[in-house]
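Only one chain comes next, encoded as structure tokens, the form predicted alone.
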């Protein structure tokens, strides 16, 4: 069937109650859990074929995280479905007011290539938990994983419930022409703008999970061994092809040499037997991205690393001395290159970061609680960690999302359920009392009465 026919069938199925009852939602979440758990090897193998993601890293970041999210929803979604009672005002007394959370309808989820299972299935969990029908569009840049997702979803779900549409940008464009009730997109700010423009045609609400230059700020009092280890852990996951990877590190000038020294030590500990792309280290996804990152290295002031291999699309974790106005500081890197900026004054680093576009994540390494509060208050960012990187993304009780150019909306846990639901306000009134004061005619007496009350 055509994309237009598929979307219409999903809309018809939704109007007929598909996926809406609690039992159907539980069955759908359970089916998705079985897909991920029972076929983890197939999915991990597909990701290895696409861009050499190591098995342990793939299972930890793509499989386990999705299972954790599904289990959280299975435990709580029926409670989230219950109407929420709220209080009254003097105008509405006596009455009962409730907020109902209704599914939106047929939703489109466009997944990215860098975490092709996690970032496609995580929003799907929320969409099914909230009772929607869903069209999934996996990334064509991870074709093996996209094919596995389609095969597995098709084997367990009817197309009226959950469908997978594969293809390139032309297919995505055709999907964006359809009158979906919600669009959830994960990707670059450039494509996010295209999605938002297309959604405006139908006044379709969107959630955009984008990116940006996420900083790791290292203060003068940071514990350097732990700080350096956690920064490089966050940077080497998926070879830095992570929307919340530390995009650059801003180190207090008193700690610069210590950070360089510790970086050398940490990377030798992470990869004691060297880098083996596809086994213990992820490849760059394709030749285009490899070439883009290689060009950034050409004129870079390399402090550590810098080796590349076009045959295996390998780029070594690389520490680069940089200034704020260098080319590498202009756009999100999305690779294992880590520019090092130094600063000397708290107001300097705060001023620099507040002048940039808001990042999706921010990581702060310090024991100074006053400075922690200042950074959180003054610098806009989507989410982040103090004395760690990445791990805020794992907690289903924390909303995950951006601000400004790094995105809009949030999800994970309860926020995923809310993202794919609409709030419906309902007030119930008895037939008595029915005071005449509310009805015309309205005279001076009623006005005086109102003025005495308010």
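Just so it is clear, the structure is predicted and the values come from calculations on it, not from any experiment. Residue numbers count along the first chain shown, from 1.
There is also a form predicted in complex with nicotinamide-adenine-dinucleotide (NAD); it is not shown, and the following applies to it.
**Prompt:** Taking the partner as it appears in the model of the complex, which of 67-75, 253-261, 131-139, 305-313 has residues with heavy atoms within 4.5 Å of nicotinamide-adenine-dinucleotide (NAD)?
**Reply:** Residues of 131-139 come within 4.5 Å of the partner.
Practice prompt. Identify which of 343, 275, 381, 334 has a heavy atom within 4.5 Å of nicotinamide-adenine-dinucleotide (NAD) in the model of the complex; exactly one of them does.
Written response: None of the others qualify; the residue that does is 334.
Can you pick the one in 110, 284, 124, 231 that has a heavy atom within 4.5 Å of nicotinamide-adenine-dinucleotide (NAD) in the model of the complex? It is 110.
| residue 84: heavy atom within 4.5 Å of nicotinamide-adenine-dinucleotide (NAD) in the model of the complex? | Output for residue 84 is no: heavy atoms all beyond 4.5 Å of nicotinamide-adenine-dinucleotide (NAD).
Q) Using heavy atoms and a 4.5 Å limit, would one call residue 247 a contact residue for nicotinamide-adenine-dinucleotide (NAD) in the model of the complex? A) Flag for residue 247 set to no.
Open item on the list: Just checking whether residue 186 would be counted as a contact of nicotinamide-adenine-dinucleotide (NAD) in the model of the complex - the rule being heavy atoms within 4.5 angstroms.
Closed with: Yes - in the model of the complex, heavy atoms of residue 186 and nicotinamide-adenine-dinucleotide (NAD) come within 4.5 Å of each other.
Discussion item. Under a 4.5 Å heavy atom criterion, is residue 167 part of the interface with nicotinamide-adenine-dinucleotide (NAD) in the model of the complex?
Written reply: It does: once nicotinamide-adenine-dinucleotide (NAD) is placed as it appears in the model of the complex, residue 167 has a heavy atom within 4.5 Å of it.
Within 4.5 Å of nicotinamide-adenine-dinucleotide (NAD) in the model of the complex, do 353, 356 and 390 each have at least one heavy atom? Checking in the model of the complex: none of 353, 356 and 390 is within 4.5 Å of nicotinamide-adenine-dinucleotide (NAD).
Note to self: Going through 399-435, which residues have a heavy atom within 4.5 Å of nicotinamide-adenine-dinucleotide (NAD) in the model of the complex? Please give them in sequence order.
What the structure shows: Contacts from 399-435: just 400.
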